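A single chain, nothing else alongside it, follows as structure tokens in the form predicted alone.
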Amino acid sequence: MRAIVTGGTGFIGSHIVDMLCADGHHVGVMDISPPAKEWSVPSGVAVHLLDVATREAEDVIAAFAPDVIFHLAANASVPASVADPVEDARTTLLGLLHVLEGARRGGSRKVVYSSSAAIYGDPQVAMPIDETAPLTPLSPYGVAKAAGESYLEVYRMLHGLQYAALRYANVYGPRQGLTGEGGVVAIFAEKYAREAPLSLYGDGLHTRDYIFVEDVARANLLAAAFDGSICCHVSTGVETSNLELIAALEAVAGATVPVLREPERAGDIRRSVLNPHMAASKLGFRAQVSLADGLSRTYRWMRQKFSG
């Protein structure tokens, strides 16, 4: 398989690149930023340092003629989208359109798109949320992700381009930065690694469904192999509050840090946990890494990063 990974030097993208290369696929990477020092690009992978929201990026995709595009390049921060919704839309939506046009011109079979639980907002439905829940995003980030899914369906109807819209729960693990939607584990783990105070926004009862990055990468490869288009969750179905997350990290680190109480942030979703059953039945995907194991691996990586 010929594959391009946009956002391929980043957190999730670099793990997808590693798995693709380990399976022997021909891989190209596109990202606006060079790889972080914590990750070495596998041998034979060409890296194109480009803004995905440009015609130049579209031309590179079309010339590469990938079978599958794993599209991860986008704004990754809810607060950033609230502060600058125009830039959020430029990166997330215009970037996706250039990817779709590159895919159409290059004869690609499928686009695997990184969507988000943020498209649901605070749904007034039973938890865990399933894929039929109304889309009521509370931030420009969530609006852009939901609009991206609509563009995918239009390109399927107009051009026969298959897609997999993967609605991620909160992804965490090694290589994650300290900003972005879902970055709370990295932020908290960094505070424990440095033995520094951490900020807790709101009452600590906000919940998320935390899924380890290697599970997410595996889901992407399964989605690429799936024949047809699909929109499904990549999740564990387990709900964890911020207070529970802090307690779990204390157990992993064997230490405590001061917790600074801060006001709740605009656009923050109160509860989020996603039903994983469709991905299990259609893709054969089930999360394999427990929260305790994933936090342990993340904390060890963070300690090594700051000790080096």
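Numbering starts at 1 and follows the sequence shown. Keep in mind it's a predicted model, so treat the numbers as computed, not measured.
FYI, the form predicted in complex with a small molecule isn't displayed, but the following is about it.
Asks: Which of these residues, 295, 12, 20, 287, gets a heavy atom within 4.5 Å of the small molecule in the model of the complex?
Replies: So the residue touching the small molecule in the model of the complex, by this definition, is 12.
Asks: Among 139, 108, 236, 170, which has at least one heavy atom within 4.5 Å of the small molecule in the model of the complex?
Replies: Going through each option in turn, the one that passes is 170.
Asks: Using a 4.5 Å heavy atom cut-off, are 7, 73 and 116 all in contact with the small molecule in the model of the complex?
Replies: Affirmative, all three are within 4.5 Å.
Asks: Mark residue 194 yes when one of its heavy atoms lies within 4.5 Å of a heavy atom of the small molecule in the model of the complex, and no otherwise.
Replies: Heavy-atom contact with the small molecule at 4.5 Å: absent for residue 194.
Asks: Might residue 59 be said to contact the small molecule in the model of the complex, defining contact as any heavy atom within 4.5 Å?
Replies: Residue 59: no, not in contact with the small molecule in the model of the complex.
Asks: Using 4.5 Å between non-hydrogen atoms, is residue 159 touching the small molecule in the model of the complex?
Replies: Judged by the heavy-atom cut-off of 4.5 Å, residue 159 is well away from the small molecule in the model of the complex.
Asks: Tell me, yes or no, whether residue 41 is in contact with the small molecule in the model of the complex, where a contact means a heavy atom of each within 4.5 Å.
Replies: No, residue 41 is distant from the partner.
Asks: For the interface check, one of 128-136, 151-159, 198-206, 90-98 should have non-hydrogen atoms within 4.5 Å of the small molecule in the model of the complex; which one?
Replies: Careful reading of the contacts points to 90-98.
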